[in-house]
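Below you will find one chain, with nothing else, as structure tokens; this is the form predicted alone, and questions on how it binds or moves follow later.
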């Protein structure tokens, strides 16, 4: 009798594994940092803005979190505990695998740019949230949602440098941004992050350094949230 029960358990488990394998699918999420039509590169690459300003990018990192897929405006799938650090210096960070139901239909992706207040007050964590990634201020200020550093001929600063460390989770300057992006390709989602669009929204002669939470950080975080779009095929 006992052996019969054991056989049943093994049979049930094997069938459960097969069923799981047949009902799930991998959707690839690719992030494509760009400067206009050009792929974003660090340090020596020179980019020209529409006002003929020469731009060099030295650092670009940002957090995306709470990734979800939508159909007709409703969430149909959500990645649990999704905190992902995009780092242009680490090409592996530009791709994520989303394990979704095989027959899932969706027409948009939703995500947060930054880290939510609940996670911030929990203190520094590990993995992509590890402070050694250089994206954490202090327990009081929390995580840096967006870090963009570079140089511009328009910057009247030492070495023509600009530094934007954007974040903050406390009222009234919560910099977290939720964005929804319509998509057409569901097996491979390719998202553009156009740094040129962000830079073009700033007058670098007068605004070239933000390194703490506040009104300016929240405003520029909102500007940053508009530079995501689906890559046109």
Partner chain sequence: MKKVSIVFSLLIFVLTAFVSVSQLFVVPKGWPKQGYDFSRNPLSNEKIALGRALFYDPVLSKNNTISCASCHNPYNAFAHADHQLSHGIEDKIGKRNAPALVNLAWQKKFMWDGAINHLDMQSLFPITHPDEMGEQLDQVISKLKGATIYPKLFYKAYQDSVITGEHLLKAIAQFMLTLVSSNSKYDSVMRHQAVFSNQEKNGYQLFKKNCNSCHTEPLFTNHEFENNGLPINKILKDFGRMKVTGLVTDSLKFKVPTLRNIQYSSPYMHDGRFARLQDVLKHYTLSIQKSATLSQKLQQPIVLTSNERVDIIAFLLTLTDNSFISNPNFNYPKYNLYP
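Numbering follows the first chain given and starts at 1. This one's a predicted model, so the numbers in the text were calculated from it and none came from an experiment.
Below, we refer to the form predicted in complex with the partner chain, which is not included among the displayed structures.
Although the partner is absent here, residue 73 is not a contact residue: none of its heavy atoms lies within 4.5 angstroms of the partner chain in the predicted bound form. Interface residue remark: residue 169 is counted as part of the site for the partner chain in the predicted bound form, having a heavy atom within 4.5 Å. Contact annotation: residue 131 falls within 4.5 Å of the partner chain in the predicted bound form, judged by heavy atom distances. Looking at residue 138, you'd find a heavy atom of it within 4.5 angstroms of the partner chain in the predicted bound form.
The stretch from 145 to 153, 121 to 129, 158 to 166, 102 to 110 that comes within 4.5 Å of the partner chain in the predicted bound form, counting heavy atoms only, is 121 to 129. Cα of residue 162 to Cα of residue 139: at least 3 Å shorter in the predicted bound form than in the shown structure. Whereas the shown form places them at one spacing, the Cα atoms of residue 218 and residue 141 lie at least 3 Å farther apart in the predicted bound form.
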